[in-house]
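For this one, two forms of the same chain are given in structure tokens, first as structure 1 and then as structure 2.
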Structure 1
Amino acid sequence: MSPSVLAVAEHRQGELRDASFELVTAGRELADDLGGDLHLAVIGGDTEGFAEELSLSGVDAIHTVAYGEEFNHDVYTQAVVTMAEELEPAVVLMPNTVNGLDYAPAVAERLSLPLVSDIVGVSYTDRFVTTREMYGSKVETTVEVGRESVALTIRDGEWEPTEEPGEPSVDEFDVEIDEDAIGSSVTGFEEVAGGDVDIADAEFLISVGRGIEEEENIALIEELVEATGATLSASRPIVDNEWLPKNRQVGQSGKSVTPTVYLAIGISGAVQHVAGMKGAETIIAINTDPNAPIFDLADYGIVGDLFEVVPALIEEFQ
């Protein structure tokens, strides 16, 4: 076993996902704990272009597998297992995304590794110590792994993405994919209802919650969104009432977002919602209740009636 980390990058429709850059940060930290190298696996798609984008500080080596354009369970499983068997890393690190959760258990099973999923923290001294959140992020748990090697999936938004350029080695990894074992393929993409916008990619989100009171009042928030050039999102009650489509929902049962600015309007700050937006760089909250939990997280807060504050903001921005 080598004291190294093998992290698996993720891409979709020709673009690297944010999770790939967060994996670099998490992988580097763990590799430093272990005293080893950080290897990145880039599988499918524009491997040369992805390798160039992922030539970042802290990455020691990038291994590419040019096979297919999009994610495929069997291809990823075969490639990662073969790579891990050759490199013998102490850690196989994967994103806790839809794709990551698809192949991570298969990789762990074939390599006979314990798998700890959805971690929000990890360190190594004489053993691996991982942190997970449970019961809607109300409880934080520590899971210690008493094995020399482990498979982990990391929750997105928990590590800052690495952006500083580096000079890792890049090589095309020699793996012979067993095509007879490929049982599925991606035939296309279809966004969830109302898929005009992906809030996960937005830099400035204005999110509305239960405090908006009535569906027709959403128009007020949309006016602020238009005045500021932001993207509209919402907490679960708004989506449950079908005032906004599901693809606008932030939170544990919606999307995790990491915008530069997150403006929460009429949102109390329930743990399920916070789990999806706490990675925002700057959080601003407007709420009439000074004891609302959202203020414990906010960088800036306005205790006031949104029906007075929002019109004033619109006037200011216009």
Structure 2
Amino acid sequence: MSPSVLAVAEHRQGELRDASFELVTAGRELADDLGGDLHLAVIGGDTEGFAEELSLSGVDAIHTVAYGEEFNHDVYTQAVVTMAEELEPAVVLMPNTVNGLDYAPAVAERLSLPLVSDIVGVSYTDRFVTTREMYGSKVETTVEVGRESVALTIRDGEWEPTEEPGEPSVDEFDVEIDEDAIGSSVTGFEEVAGGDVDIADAEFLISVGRGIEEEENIALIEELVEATGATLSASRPIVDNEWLPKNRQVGQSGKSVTPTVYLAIGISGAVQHVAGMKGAETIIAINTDPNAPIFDLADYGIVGDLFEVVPALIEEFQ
């Protein structure tokens, strides 16, 4: 076992994703703790171009595997496992993205490594100490791993991306992908409808939840949005009902947002919703239920019926 870290870059539609640059920061910190090197795996797509972009400070070596254009579960699993078997890193570091979560468990299983997912912090002294969040990010937990090697997935947005250029070695990694073992393929890429608005960029979000009851009542919230100059977002049931498009969904399976103000109307504050909005600077909630979990998080709360409170707010802002 070498005291090194193997981090797996991520790209989509010809572009490296932010997660790749955050992995470099996290990977370097961990490699420093271990006293070893940071290796970066670049699999598929424009490997040469990606390797050039990822030639960043703190990266010791980049290994490319030119196979396919987009992410593929089996290709990534095979390539990462082969690389890890050869390099014998102490850590296999992957992003906690949709793709990362797809292949990380398979990699960990094949390498017989413990997997700690969705970590927001990690260090190594005589053992790996990782930090995870639980109960809708109300509690931070420490997970210690007493094994000499581990697989980790890191939550996006928790480490500053590395941007400073560096001079790592770049080589084409010799891995023969077993095509018979490829059981899935990417048939296309579909952008979420209504991609005009990015709620992640909004400073003031007004978010609507199931408390709104009917699709036609969304118009009331839209009136408030207009009166305040906010951006409209929603909890998942609203999107599942197709009352608003998917790009408006806040939460674990939607978007993570960090506005200055987040006004949650008729939203209970389920953990999967909270995961996406807990980073808001000021949280305000309107809910009829004084015991709704959203109030545990809110800076300001109005216990009341949205059908009374929202018209009053509209009048005030107009």
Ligand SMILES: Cc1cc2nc3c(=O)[nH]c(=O)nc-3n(C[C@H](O)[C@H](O)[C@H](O)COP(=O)(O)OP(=O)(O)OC[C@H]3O[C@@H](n4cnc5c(N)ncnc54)[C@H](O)[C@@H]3O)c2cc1C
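Numbers follow structure 1, counted from its first residue as 1. So that the term is clear: the rigid core is the largest set of C-alpha atoms that superpose within 1.5 Å between two forms. Keep in mind that this is a model prediction, so the values were computed, not measured.
Task: Of structures 1 and 2, the one that is the form predicted in complex with the named molecule - done: If we ask which form is the one predicted in complex with the named molecule, the answer is structure 2.
Open item on the list: Taking 2 Å as the cut-off, check whether the CA of L40 shifts that much or more between structure 1 and structure 2 after a rigid core fit.
Closed with: Stays below the 2 Å threshold, so no.
Task: V310: Cα shift of 2 Å or greater between structure 1 and structure 2 (core-aligned) - done: The answer is yes; the displacement is at least 2 Å.
Open item on the list: If I superpose the two forms on their rigid core, does the C-alpha of R248 end up displaced by 2 Å or more between structure 1 and structure 2?
Closed with: Shift of 2 Å or more: yes.
Task: Inter-form CA displacement between structure 1 and structure 2 at T228 - rigid core frame, Å - done: For T228, the C-alpha ends up 14.4 Å from its position in the other form.
Open item on the list: What does the CA of V239 shift by between structure 1 and structure 2 after fitting on the core? Give it in Å to one decimal.
Closed with: A shift of 6.5 Å at the C-alpha.
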